[in-house]
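A single chain, nothing else alongside it, follows as C-alpha cells in the form predicted alone.
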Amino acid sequence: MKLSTISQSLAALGRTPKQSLGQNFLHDQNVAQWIVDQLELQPGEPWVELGPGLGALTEYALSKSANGLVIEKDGQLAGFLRAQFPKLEIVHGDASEFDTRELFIRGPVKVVGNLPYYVSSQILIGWTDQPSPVGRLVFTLQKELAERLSGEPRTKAYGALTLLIGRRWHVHFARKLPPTVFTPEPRVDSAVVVLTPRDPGELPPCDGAAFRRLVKRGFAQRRKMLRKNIGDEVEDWGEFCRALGLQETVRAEELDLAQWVAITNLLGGKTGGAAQDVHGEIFDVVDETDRVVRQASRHEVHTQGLRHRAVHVFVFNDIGELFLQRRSRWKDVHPLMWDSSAAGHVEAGQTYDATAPREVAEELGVEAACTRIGERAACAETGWEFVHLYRAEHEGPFRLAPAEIDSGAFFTIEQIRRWIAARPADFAPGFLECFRIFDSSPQAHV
C-alpha cells in the first residue's frame, strides 16, 4: 500500500492514526510483500493476520491463499477492510483477547502481523502459549523485543522471555526495519522475527509450569549467582552443580535452553525418556465378554491385538469445558494426537473404578472423584480395549506428566464437536469413541 493510498484512505475515513492503538501503517510495498513471503503460504493454506490496519499485508496474503482471517481492534478500520476485501473473514476484536482455541478447527495456521509496540509482548505470549494451533508466526516488533526473543546466552538481550518462548519455538531474527517504512514514523527501529515450532523430539520433556517458574526466579535478579535465586530449592548446591556440569558460581544468563531443561528435570526428579515400559507392564487379557483369561505385557496386547481393559476420564471445569490432552511423543500408540483428559490401562488384577482416579492423579497431578458414565466394548477403534468412561470435575491448574502429555487445555463442547467434524484425524480413535458415548448421553447437556 503506497503512502499516497494510505493518506487518501484515512482522509476518506475522516481520521488520523490513533496513537492509543499504536497505529503505524506500513507503506513500503516491497517490505510488505517480503514479510508475507516469510509465511511461506501455499494455495488454500489457512492464515491469520493480527492488526491488519488498512490491509498492507492482507492483499499480498490473499494473493497466495484465500483461506484467511483477520482480527482488527479498530472498528472503523474493520469496516474499511470489509469493503476492501468482501470475501475475507474479518473479526472486529482485540488480538490479545482472541480465543485461539477457535483455530484448531482450521488445522495448523500461519500468523502474520505488524504488532503495536504497547501490546506486542502480550500478543506474542498469548499466541505462542501451549497448546497452540499455530504452525508459523511472522511478527514485526520493536527491535529491542526482537533481540530479546533471539538472544544468546551471556548477552544483554538474553533473558527469561528468550527461554520461555524458546522452549517451544525457534526464533529467527529475519530483518531490521527502519522507521521510514511506516507512517507515522515510530521513534525506534523495528524488526521482523519468524517463529517456527521446535520438533517434539528436540529437547527432553519437562514440566512446563516448573520450567516457567524456575526461569522467572533465576532471572529475577539476573546479576546475582543462580544459587541466590533458586538455591533454596536444592539440598546440596555443590552436588547439584556437579550433576549438571556447572560451576557453583553460575548465573542464569550463562545457561542455555538445554541446561535450563536439565535443571527443571533434576529438581523435579525427571530425566526424560519413554513414557511406558512396554515389556514390563502386565495387563489382564480378556475374552469377548470382558472375562479375564490370562495376563500379557503391554507390548504383546498391542502388537497382537489382544482384548484388554482401559479407562478414560473426562475432566470438566465449573463452566462445563472439557480438558483435552495432547499425547506425548513417547506414547507407543497415537503419539501427539488429542485424547481424553486422562486415560490408561487397567493393570492385571486391578478394577476399572480404582484405575480411573489413579490415572487422573498420575497424568494430571490432582485428586478428583470419578463417576462412571458409559462403556464401550472392545473394538478396532479402541485398540481392542474394553473402555469404561468416567466424569470428574476439577478447575486445575494441572501438573501434567511430561513423559505422558505434551500439552493440554480446556475446550468448550461445541468447539470439540466442530473440531472433530472438521479434523477427526487430530484425535486418538479411542477418544472419538468415548466422545460419541458422552455426546449421546444426558451428561452432554448437564
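Numbers follow the displayed sequence, beginning with 1. This structure is a prediction, so every number in the text was calculated from the model and none was measured.
Not pictured, yet referred to below: the form predicted in complex with ligand SAM.
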Residues Thr100, Val134 and Ile165 all lining ligand SAM in the model of the complex, heavy atom within 4.5 Å
no
Taking the shortest heavy atom distance, is Phe427 within 4.5 Å of ligand SAM in the model of the complex?
no
With a 4.5 Å heavy atom cut-off, would you call Ile416 a contact of ligand SAM in the model of the complex?
no
State yes or no: in the model of the complex, is some non-hydrogen atom of Gly93 no more than 4.5 angstroms from a non-hydrogen atom of ligand SAM?
yes
May I ask you to check whether Leu69 falls inside a 4.5 Å heavy atom distance of ligand SAM in the model of the complex?
no
Looking at 250 to 258, 369 to 377, 289 to 297, 70 to 78, which one sits within 4.5 Å of ligand SAM in the model of the complex if you count heavy atoms only?
70 to 78
Can you pick out, from Ala220, Leu246, Val119, Leu306, the residue that has a heavy atom within 4.5 Å of ligand SAM in the model of the complex?
Val119
Only one of Leu400, Leu62, Leu41, Ala56 has a non-hydrogen atom within 4.5 angstroms of ligand SAM in the model of the complex; which is it?
Ala56
Can you tell me which bits of 19 to 35 touch ligand SAM in the model of the complex, meaning any heavy atom within 4.5 Å?
Leu21, Gly22, Gln23, Asn24, Phe25, Leu26
